[in-house]
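To begin, one chain is listed below as structure tokens, in the form predicted on its own.
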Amino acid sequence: MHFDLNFPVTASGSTSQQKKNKNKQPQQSSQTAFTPAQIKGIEARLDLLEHLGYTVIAFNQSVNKKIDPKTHVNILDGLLQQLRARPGTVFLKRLTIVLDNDSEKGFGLTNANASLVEPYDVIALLPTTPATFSLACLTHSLPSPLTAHIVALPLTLPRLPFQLKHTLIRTALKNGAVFEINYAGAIGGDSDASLSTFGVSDTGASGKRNWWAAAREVVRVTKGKGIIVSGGVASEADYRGPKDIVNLLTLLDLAQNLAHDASVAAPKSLILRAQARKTYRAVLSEPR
């Protein structure tokens, strides 16, 4: 069983539609958010992932700054209805919130917005400031119905916008959160286009150099524990097989067994914890 927990998707016109309906409840139907050409492209990417051996795929919807109940539209429910059935492959829904200075006052993970977050299987935070990184590690990694399971890192920027302090890292790992490394930046390929729009991603040779330097720092601080590797790939040509990913991680001075855990064991454990998000303090069954 192999995992790709970052399969980025962006619906055509979704951003402009949200801007037009800034002060209105979203009326757009998520079933019509994707054009036939987009569905064909997504199906082709899924075919390649299945051929490479991936069996658990998480579709990733990215939002900027915060979850706004006036404009937020869940585009993944309609997408899953438009895709053909694939026996043996598990589809998950992931929400990634890109945090900036405006998010320091709050980014929508509140009980009032619980109904908007509930349909998603996995919640991820992508901090871009020291304050939001601290909040992601200390507060929103605690077990609750609004737990953020993944702390994504903008590895392709010229430098990380915050320090990877040991105290924050240890607290997040103790609470069960994981730090995500997307291998799209390592090969200089086309990554999630929405993240480039939000200014947290760089492409080309410079982004590739930045990725290798930042990823090595993440491995050094975490000592290889609590790391998952995902794709974050937007082009078929940039996908890699599971064994290629393990070999890639070993180039970051990560031991072979820890590289295997980052691509297999850690994502599986993460999904099991994510399933318990809706239970009281993430308890799956009655303790014995």
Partner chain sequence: MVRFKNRWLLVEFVDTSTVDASAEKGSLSTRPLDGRLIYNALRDSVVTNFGDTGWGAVGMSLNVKYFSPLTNLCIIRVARDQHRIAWGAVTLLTNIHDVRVIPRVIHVSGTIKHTQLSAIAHNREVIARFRTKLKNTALHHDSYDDYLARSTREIEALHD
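Numbering follows the first chain given and starts at 1. Fair warning: this is a prediction, and the values are worked out from it, not measured in the lab.
Omitted here: the form predicted in complex with the partner chain. The next part is about that form.
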item: Every residue of L52, S235 and D244 near the partner chain in the predicted complex, heavy atom within 4.5 Å; value: yes
item: In the predicted complex, L155 touching the partner chain (heavy atom, 4.5 Å); value: no
item: A186: touches the partner chain in the predicted complex, heavy atom cutoff 4.5 angstroms; value: yes
item: Non-hydrogen atom contact R240 with the partner chain in the predicted complex at 4.5 angstroms; value: yes
item: In the predicted complex, I39 touching the partner chain (heavy atom, 4.5 Å); value: no
item: Contact residue in the predicted complex, from L248, V221, V63, V56 (heavy atom within 4.5 Å of the partner chain); value: L248
